[in-house]
Ligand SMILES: NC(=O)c1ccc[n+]([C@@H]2O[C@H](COP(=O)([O-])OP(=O)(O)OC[C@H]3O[C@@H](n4cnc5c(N)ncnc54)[C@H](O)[C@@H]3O)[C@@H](O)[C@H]2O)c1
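Next up: a single chain in structure tokens, the form predicted alone.
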Amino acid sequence: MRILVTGHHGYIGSVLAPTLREAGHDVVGVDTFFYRGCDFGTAPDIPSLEADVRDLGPRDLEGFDAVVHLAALSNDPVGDLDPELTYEINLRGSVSLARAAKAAGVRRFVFASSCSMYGASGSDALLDESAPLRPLTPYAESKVRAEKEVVALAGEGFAPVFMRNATVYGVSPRLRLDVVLNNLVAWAHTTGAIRLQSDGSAWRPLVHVRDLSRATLVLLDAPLELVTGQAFNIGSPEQNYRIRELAEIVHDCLPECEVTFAGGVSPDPRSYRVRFSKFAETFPEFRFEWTAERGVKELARAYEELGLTLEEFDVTGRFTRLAQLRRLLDTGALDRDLRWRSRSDGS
């Protein structure tokens, strides 16, 4: 299968694209390369096009059997940078890409959505794909609205499927330290303390980046009648955690590091437990291989081996998406619409 992966140079994409290629697929990436130079180790080379997803049309997608759409302003803090840009890229850009894919004859369209669209559940009940969507941020709202518009395109040989991903963790060549487990281990490694930014009571479902990549393969290979127009929560039931439980898991792995709280902490309103039975029942042969405990050990080992410093983590923000975008804006490399002023500025 010939597959185009948008955002292949990002945190998930730099693991997922090589995984697809190792499985025997012909993979091409497309990326704006906002995070060029923000490397954590090395990644395999993937043939790629340097382009903004907002600019892709049918001619760019001709000859592909599938699109895996990861490209987005990637989390809640980045979404708050400019809510209108979040809707332009994550919503309108995604819908435009899906329409272009359908016009080009692309058969499968795997859309990276998010469990964050469940927002504030108001209880500890497990939420399945039919649960009310209560997005609390522009990022989550953009995913809700994009799903609604893209699913309306299903049919006439076009099969969109939606991966409502749990919060991702794990080592990647384009590391992110603004996701919860990666962040907690980074605080422990660089400061000797496990620092919580909230009171730790909120629920988060987790999924390892490699398990997510393997789940994407399953959806690409599945019979179309099983996946067309469907949304799947991606994660495992054992990995619904309260934030404070994750802090204790980090402490168990790194017992010399004590759990601390940032000043003036309060509950995080984004709190949801997620049911993952739909994916498990549809694809009973699939097994999620990673746990938070195993992930903490992997992260701690990688931070040690590759020498993650407090300056990289908390000062330069090289592995924090909002900090990197602000740096590119402040230096004039990007304009207010998050477009390169010149391609050389991204080198």
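Position 1 is the first residue in the sequence shown; the rest follow in order. Only a predicted model underlies this, so the values are computations on that prediction, with no experimental measurement involved.
Quick note: we don't show the form predicted in complex with the ligand, though the next part is all about it.
Novice: Heavy atoms, 4.5 Å, the ligand in the model of the complex: which of 154-162, 119-127, 138-146, 253-261 makes the cut? Say which one.
Specialist: Answer to the contact question: 138-146.
Novice: With a 4.5 Å heavy atom cut-off, would you call F279 a contact of the ligand in the model of the complex?
Specialist: Result no; F279 lies far from the ligand in the model of the complex.
Novice: Given that the partner is absent here, does L70 sit within 4.5 Å of the ligand in the model of the complex, heavy atoms only?
Specialist: Although the ligand is absent here, L70 would touch it in the model of the complex, with heavy atoms inside 4.5 Å.
Novice: Check whether F283 has any heavy atom within 4.5 Å of a heavy atom of the ligand in the model of the complex, and answer yes or no.
Specialist: Close contact is absent here: in the model of the complex, F283 is far from the ligand, nothing within 4.5 Å, heavy atoms only.
Novice: If we define contact as a non-hydrogen atom of the residue within 4.5 angstroms of the partner, is F34 a contact of the ligand in the model of the complex?
Specialist: Answer yes; at least one heavy atom of F34 falls within 4.5 Å of the ligand in the model of the complex.
Novice: Which residue, L220, V171, L133, V179, has a heavy atom that falls within 4.5 Å of the ligand in the model of the complex?
Specialist: Among L220, V171, L133, V179, a heavy atom within 4.5 Å of the ligand in the model of the complex occurs only for V179.
Novice: Quick one: of T228, S271, T167, N240, which gets a non-hydrogen atom within 4.5 angstroms of the ligand in the model of the complex?
Specialist: Looking at T228, S271, T167, N240 one by one, just T167 meets the 4.5 Å heavy-atom criterion.
Novice: Taking heavy atoms and a 4.5 Å limit, what residues of 33-62 are near the ligand in the model of the complex?
Specialist: If the 4.5 Å heavy-atom criterion is applied to the ligand in the model of the complex, 33-62 yields F33, F34, Y35, A51, D52, V53, R54.
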